[in-house]
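Only one chain is included here, represented as C-alpha cells and corresponding to the form predicted on its own.
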Amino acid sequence: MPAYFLEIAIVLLGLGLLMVDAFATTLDRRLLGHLGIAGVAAVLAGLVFGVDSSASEPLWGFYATDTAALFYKGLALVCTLLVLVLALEYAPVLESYRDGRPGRRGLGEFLCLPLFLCAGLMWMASMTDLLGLFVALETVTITFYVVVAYMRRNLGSLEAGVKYLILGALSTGFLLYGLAWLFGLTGQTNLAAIQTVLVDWKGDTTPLLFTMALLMVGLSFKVGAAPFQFWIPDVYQGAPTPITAFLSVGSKAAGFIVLIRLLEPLLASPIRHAVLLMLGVLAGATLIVGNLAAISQSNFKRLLAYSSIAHAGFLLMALAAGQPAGGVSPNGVVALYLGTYLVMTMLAFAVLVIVRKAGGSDELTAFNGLSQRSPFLAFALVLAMASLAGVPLTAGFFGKFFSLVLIAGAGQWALLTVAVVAAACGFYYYFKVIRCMYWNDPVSEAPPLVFSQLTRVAIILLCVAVVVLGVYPKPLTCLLAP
C-alpha cells in the first residue's frame, strides 16, 4: 500500500465524521469520538503492516517514504488516538462552556478537528519541498488556532486563541520570508536541489546568514525555543486540556520535522558553523528559561508548559551537536526523544484531564492527597513525572542521555554543563507534584474521580510503555543509527 493512502484515509475519515455530525442531529456526539478512535487505529495498523517503505527516492520528487517519515507518521497517529480518548473524557467540561441545541453543543466538531491536524502532521513528515512543507505546516497551525479557542465562553481559552493567532501569524511571516529568500538564492524549492546548490556555494555568505536567521526565528516559535517561547504558558493554560496535550507533543513534533528538513541543506553549506552556533545558543537559553521558570509554577498546565520548553532545549541541543557521536545521529536522537516524550506527556495529561473534570481546577493543590483518592492515578502520574525528569529505567531517561552523549562528543562543554544543571532542576519541580499527591492531605469534600474504562486502558498502556521503553528501548534505538 502506498504511504500517501494513509493521509487520504485520515482526511476522508474526518470529512465523513463531519458529515455525520452535520446531518445526524439526534446522534450522541461521543459516538463520533469512538468512530474516530477506531478509524485512526485502523490507519495505524495499515502503517505498521501494510505500507511499502522500499522506495529509495521520494514519490513525485517531494513525498518521502523513508524510515524517518514513516516514524513521524506513526507518532502523529498515536498522538491523535490518545487525544481523542482524552477529548471524550473531557467532554463534560467542554459542554459546560459551549452553547447549542441539546445533543450537539459543539462536541462533534471538536472530535473531528484532531483528524485534520493528524493529516497535516503526516504530510509534514514526508514533504521534501518548500511549498509542501509550508502548506502542511499551516494546515496544522490554522487548525490549532480553531481548537485552542474552542471554548469561546471561557475567557482563558479565548485569550489563548487570540494570542496564539497573533503571534503564530507573526512567526509564519518570518518563516515564509526566510523560505522566499532560500528560493531566491537557490532558484529551487526541492530541498535536495537546494542542498546541491548550497554545497557548491561560492558567493557571499551574508544572504545565507540572513536567511538562516529568518528561518530560525520562525521555527523557534513553532518549537517553543527561547526567546520566542513567551506564548506557550498562556496558550497551554487557556486551551482545552486535550488540545494542550496535542500542542505539547504534536506541535513540537511538527516544528522539529520542518527544522530537521531545512537544516540538512544549511548544514551542507559554508555557514554550517554559524548554524550550529545559533542552535547551541538557542538550546542553552531554552534550557535555562524553561527549567528556571518551571520551579515557581503553582498551576500544573503552566508547569507542563515550561517543561515543554525545557525539553525543546534538549532536542535543540542534540541538533546543535551537528554530527554523530557514540554511534547515534542527531536526527535519530530527536526521533527517539519525541517518541518517549509522547508517551510520558500524554500520561501526565490523561491524569490531569480526570482531576480537572472532577475538581474544576488545574492548580497543583487539586492533586493534594491524590494517592488517597485514587492510588491508580497517583501511581500513573508518578511514572509520568519520573520519566519527564529523566529517572533511569523510565522512557524519558534515554532521550536526555543520548542528547548529552552527542553534545559531549561534539566537545561543547559549556552547553553540556548547562544541560546537566537544567536536568537537575527538573527533578525539583517534577517531584513537587509527587509531594502534593503523597505528602499533602486532600481537600475536604473532594469530589470523586470518575473516568471511563477506555481512559483506564489508555493510562495502563501508557504506564506499561513508560516502563518497557525505560528497560528495553530497542524498539526506538533502531532510529539512532547515523
Partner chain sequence: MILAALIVIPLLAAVAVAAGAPARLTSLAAAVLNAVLTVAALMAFKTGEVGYQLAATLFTVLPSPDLKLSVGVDGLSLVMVLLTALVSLGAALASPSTVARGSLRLYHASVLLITAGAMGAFVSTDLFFFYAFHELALIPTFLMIGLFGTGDRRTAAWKITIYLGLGSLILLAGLAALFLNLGGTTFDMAKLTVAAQTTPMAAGTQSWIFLTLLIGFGILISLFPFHSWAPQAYACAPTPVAMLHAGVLKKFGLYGLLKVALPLLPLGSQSAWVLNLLLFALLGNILWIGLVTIAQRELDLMLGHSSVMHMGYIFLGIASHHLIGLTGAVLLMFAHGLSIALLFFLNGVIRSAAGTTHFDRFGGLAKQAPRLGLMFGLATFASIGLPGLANFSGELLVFFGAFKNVAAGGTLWLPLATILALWGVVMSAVYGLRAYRSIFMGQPGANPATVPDLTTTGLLTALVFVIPLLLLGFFPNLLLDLVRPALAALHG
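Residue numbers count along the first chain shown, from 1. All figures in this text were calculated on a predicted structure; none of them were measured in a lab.
The next section is about a form of this same protein that is not shown, the form predicted together with the partner chain.
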Discussion item. Against the partner chain in the predicted complex, would residue 328 count as a contact residue? Criterion: heavy atoms within 4.5 Å.
Written reply: yes
Considering non-hydrogen atoms and a 4.5 Å limit, does the partner chain approach residue 435 in the predicted complex? yes
| query | Counting only non-hydrogen atoms and a 4.5 angstroms cut-off, does residue 386 reach the partner chain in the predicted complex? | reply | yes
*Looking at the partner-bound form in the predicted complex, is residue 164 within 4.5 Å of the partner chain by any heavy atom?*
no
Exactly one of 404, 274, 358, 78 comes within 4.5 Å of the partner chain in the predicted complex through a heavy atom, and that residue is 404
Report task. Given the partner chain in the predicted complex, answer whether the residues 35, 45 and 71 all have a heavy atom inside 4.5 Å of it. Result -> no
Among 297-305, 219-227, 407-415, 234-242, the stretch whose residues bring a heavy atom within 4.5 Å of the partner chain in the predicted complex is 407-415
Residues in 422-441 that come within 4.5 Å of the partner chain in the predicted complex by at least one heavy atom, in order, are 423, 424, 427, 428, 431, 432, 434, 435, 438, 439, 440
